[in-house]
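A single chain comes next, written as structure tokens; it is the form predicted alone.
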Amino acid sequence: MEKTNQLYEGKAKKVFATEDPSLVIVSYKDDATAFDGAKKGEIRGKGAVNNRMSNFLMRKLEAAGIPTHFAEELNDRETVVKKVEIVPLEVIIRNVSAGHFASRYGVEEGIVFDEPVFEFSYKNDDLHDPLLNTSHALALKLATREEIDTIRNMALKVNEVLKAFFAGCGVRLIDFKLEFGRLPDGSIVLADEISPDTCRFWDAQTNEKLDKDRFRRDLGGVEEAYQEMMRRVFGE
């Protein structure tokens, strides 16, 4: 599978067309951003960690009956995925209070919820990805009611599978962001990535942060945290 022209470059990835119009190649970068791009930097080796970890987890989710866009890992930084139309709804699943949830509602970090919190935000950088509910999503025609129900059910199942997996790695899955896409036949699949960029991971014993919060909050040890997550996921 060969890259042809570049279709898109985002904060963390580049997307290239291939000779197959139904497939694209995603190339992961080491660039890091936070706070809607206000903070920029580089996390050495991040692209390889996110690519390999995301592909591993996508395969695990496929085995659990969750359809994804994953097709083939080419190398440490590049992966072939099915070309999808991204649904402009970011899904956030929260198992424990942290980040925006804690600051928005004035609660401390670390409160374990009785059941997962499910959030939608409008995937729109110009508007800073505002929170919205199902009625808003329907009014804006971002997705149909059937698609929203499918996305909610898939996201909660993803949470069950990932929570159990990471618990076996000595990691608490605090919260995470998901994106979904439409295939040409209209079916919904999990897209984007699952990585320390898109998830909050805390060590199960110490609650040490093992994710992008180390970059956001200038905690230091950013590369080491990404490599530690890689080691735990792959048992290396």
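Quick caveat, the model's predicted, so the values are computed rather than measured. All residue numbers are counted from 1 along the displayed sequence.
One more form of this protein, predicted together with a small molecule, exists but is not displayed; see below.
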Segment that reaches the small molecule in the predicted complex - one of 176-184, 37-45, 202-210, 59-67, heavy atoms within 4.5 Å: 176-184
Whether 90, 100 and 129 all lie within 4.5 angstroms of the small molecule in the predicted complex by heavy atom: yes
Residue 54 within 4.5 Å of the small molecule in the predicted complex, heavy atoms: no
4.5 Å heavy atom contact, residue 77 and the small molecule in the predicted complex: no
